[in-house]
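As a starting point, one isolated chain is supplied in structure tokens, in the form predicted on its own.
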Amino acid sequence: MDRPEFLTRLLEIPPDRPALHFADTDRSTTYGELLDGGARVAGWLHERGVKPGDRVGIQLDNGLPLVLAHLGCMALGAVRVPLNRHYKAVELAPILEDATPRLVIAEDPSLFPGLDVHPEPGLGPPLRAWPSPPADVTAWLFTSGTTGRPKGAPQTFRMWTANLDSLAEAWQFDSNCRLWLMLPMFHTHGLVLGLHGTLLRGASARISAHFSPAPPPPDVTDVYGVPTFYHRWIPTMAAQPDAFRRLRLMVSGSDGLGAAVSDEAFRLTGQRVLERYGMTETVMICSNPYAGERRAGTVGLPLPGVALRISEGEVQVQGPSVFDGYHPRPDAEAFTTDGWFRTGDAGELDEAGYLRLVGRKKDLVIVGGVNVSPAEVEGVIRGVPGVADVGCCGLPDEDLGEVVVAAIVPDRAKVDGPQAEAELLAAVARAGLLLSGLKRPRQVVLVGCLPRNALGKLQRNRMAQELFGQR
């Protein structure tokens, strides 16, 4: 197979062009330095027996080691498996079972028993072939499945190149742009749009490991964020509006921004935050226009090359950036019989063709822009002695958008009286520590029964209303 177009274009960028600045270490790199570092990491991986097509797990904070790990895998043709930096062992286990990585680059080896783990990528003899991996697969991104088990979504260079070219056209993003990237690079928003979108255009980025509500640095032109970022930025916008007014573009995704925050940001800065919509399985689907009307409360128009339809209230898509299916656990329901990917999101199109998301047929809770599967949280709590039944759902939160809450039916043969109930709640709280922070229930209540339909399916919308008073 010929070298993927993505790599060909990356190698054509002038080596002395500024590429990335890592704010936490105050280190800057050129494209030539990045590609040389990637070639040396590829040599290091090769020395450790990693071959093209092998999977490599990467669990690191945003920084130069993480970027070089990705470039090294690309150079060798290994398949990257980005891992959530906050995941604990119980959350990583199903991903590792399905991905079977040959090697893992992570700071905490105790999370990866039995695997070859290294705290950061090493440097070996440069491997400069930059081959193509089998079937063009460059990464497996794991999504939060509604069944509680993450689903592996293979990513190809073809998906990314097609989508990033559409975004560059829609957002007029070019080599003169400088992105402020604080999104974690273990999912689509930070990894694909942020890092690879910057590299494919020969642009530059200022990368931070964590979000800060500080004003944008003077050299930044573009900002990508999630709604929680913008909610926390409102006081900064009020205090230093000029720092935001000079930006070329502010983008929000991973959840609905909300008209109130969008309008307040516009009032303070004169900038209407650009909302867009995408998924791991599809990359970006829709975007409000860069030059044109940005409609608050909508995620905009389908991107060039993306076909979108509403079928029985569900958003369904086709196009070159849509993946081929889950692996290694296929889902027969992921696509319609005529080949459209079923997003599971409920939506409607307005008179101008702008998409408004009106709900999720899936049960995911989006906490600070991160998808959380209630079933996964339930699985952890269900293992606590004294829990007869458990249900989790999401409740609105002013800062994070949503938070996870849990309702527990105690086993009354084991839990009798206030003291036993207090001990059960304490045990549930300890079990929550097995999960990363955004997944931990913010509220836990004891109830007599959970609302279920005639077939026994948990009705999460009724939970929120009947057990937590959400209207």
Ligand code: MCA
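For every residue, the number given is its place in the sequence shown, counted from 1. Just so we're clear, the structure is a prediction, and the values are computed from it rather than from any experiment.
Same protein, other form: the form predicted together with the ligand, not shown, and the subject of what follows.
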{"item": "Thr236 within 4.5 Å of the ligand in the predicted bound form, heavy atoms", "value": "no"}
{"item": "Residue contact check: Val428 to the ligand in the predicted bound form, 4.5 Å heavy atom", "value": "no"}
{"item": "is_contact(Phe211, the ligand) in the predicted bound form, heavy atom dist at most 4.5 Å", "value": "yes"}
{"item": "Distance check, Arg342 to the ligand in the predicted bound form, heavy atom within 4.5 Å", "value": "no"}
{"item": "Single option in Gly300, Pro101, Gly278, Pro82 placed near the ligand in the predicted bound form, where near means a heavy atom within 4.5 Å", "value": "Gly278"}
{"item": "Contact residue in the predicted bound form, chosen from Gly369, Gly77, Gly152, Gly194 - any heavy atom within 4.5 Å of the ligand", "value": "Gly369"}
{"item": "Among 262 to 270, 220 to 228, 315 to 323, 343 to 351, the region lying within 4.5 Å of the ligand in the predicted bound form by heavy atom distance", "value": "220 to 228"}
{"item": "Whether Gly63, Leu200 and Arg248 all lie within 4.5 angstroms of the ligand in the predicted bound form by heavy atom", "value": "no"}
{"item": "Contacts with the ligand in the predicted bound form, stretch 178 to 202 (heavy atom within 4.5 Å)", "value": "Leu183, Pro184, Phe186, His187, Thr188, His189"}
